[in-house]
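Take a look at this single chain in structure tokens; it is the form predicted on its own.
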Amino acid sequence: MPASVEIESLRKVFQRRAKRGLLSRRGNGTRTLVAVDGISFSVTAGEVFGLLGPNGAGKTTTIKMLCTLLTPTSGTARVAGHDVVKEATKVRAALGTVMTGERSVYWKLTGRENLAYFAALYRIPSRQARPRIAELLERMELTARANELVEKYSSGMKQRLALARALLAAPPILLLDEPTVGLDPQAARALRELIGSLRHEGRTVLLTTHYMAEADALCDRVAIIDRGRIIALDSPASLKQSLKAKEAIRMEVQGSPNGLEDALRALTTVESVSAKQSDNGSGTCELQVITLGSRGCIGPMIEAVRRTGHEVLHFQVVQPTLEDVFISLTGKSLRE
């Protein structure tokens, strides 16, 4: 299959003004931030490809370079065979893009008016635009609310309208940046189903996410990116298979995570540990441990936790997930 997206040694460096205090030394007052550090991958036509990583890993910067919003510092990127720098107009014509955190539709217009406005921008003839808009409103389950102002829409409805806008000109490639972030579970599930249907239509989809289960369910392949570099690239099944000889352990522990990671890493059977405070307000913390085998190490692990003054509330050996792959590679949680 031909490649819809080709990236080679892509790099983006920002120069940021450094904060200067009263005691700071004189200088040029700038610091260098390497957001994307020489990444390479390709996405074949009809593939759903995920860029997976924590916030700040370089996912959104990569998407912005692909859709010509940012110019690469070095390296090359081609979309639908067109160079993102030299042939930016042709690249934009081949893309439908939904960016997180940015208003991609106008809230003071209705849903239908938004789509009509963008259809005019895309130079879609009105005789074609009207049935296309009706079709997309129906597909996004927005027909009943199409004549209401977008400011009255829920977050999920606004995101579905943004996806409808991206699909107006029937682009062969879609770039979706964190498409379900901030949505309630029901709205996120509905949007994931819509993305899944795009695969069956043969469209190429490149999406970024920090939700491991989402990438596992939607993507044919994923690239795990951390600190601007790709640290793993394969199908979700193959990445999880890489931990076949290892096991993942989940623990809930009373108290804060202080001292727990060091205590568990001291055990010879423990490969990596991630600990974080629970967000349910219960005063507990959650541990994710990758071990070379749980048999024979459960007792020492529980004892190591107790020596730090903590109490184990829940202990479970589970099948490795994509987040376990990330922890195994980086030694930290995806949300850190």
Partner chain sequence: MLRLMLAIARKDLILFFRYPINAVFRVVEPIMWLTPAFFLGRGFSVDGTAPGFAAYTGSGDFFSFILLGSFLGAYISAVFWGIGYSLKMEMDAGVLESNWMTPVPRFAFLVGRTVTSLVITTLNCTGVLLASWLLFGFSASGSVGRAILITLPMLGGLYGFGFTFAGLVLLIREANTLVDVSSFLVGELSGRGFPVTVLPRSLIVISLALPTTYAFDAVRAILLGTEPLLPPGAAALVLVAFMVVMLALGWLSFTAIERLCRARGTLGLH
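Positions refer to the first chain, counted from 1. This structure is a prediction, so every number in the text was calculated from the model and none was measured.
A second form of this protein, the form predicted together with the partner chain, is not displayed here; the remarks below concern that form.
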query	finding
Residue among 124, 212, 190, 137 with a heavy atom within 4.5 Å of the partner chain in the predicted bound form	124
Partner-contacting position among 70, 304, 275, 48 - heavy atom within 4.5 Å of the partner chain in the predicted bound form	70
In the predicted bound form, residue 186 touching the partner chain (heavy atom, 4.5 Å)	no
4.5 Å heavy atom contact, residue 113 and the partner chain in the predicted bound form	yes
Partner proximity in the predicted bound form: residue 208 to the partner chain, non-hydrogen atom cutoff 4.5 Å	no
4.5 Å heavy atom contact, residue 315 to the partner chain in the predicted bound form	no
Interface stretch in the predicted bound form with the partner chain - options 213-221, 84-92, 228-236, 259-267, non-hydrogen atom within 4.5 Å	84-92
Non-hydrogen atom within 4.5 angstroms of the partner chain in the predicted bound form for each of 14, 64 and 149	yes
Any residue of 153-184 that, in the predicted bound form, places a heavy atom within 4.5 Å of the partner chain	165
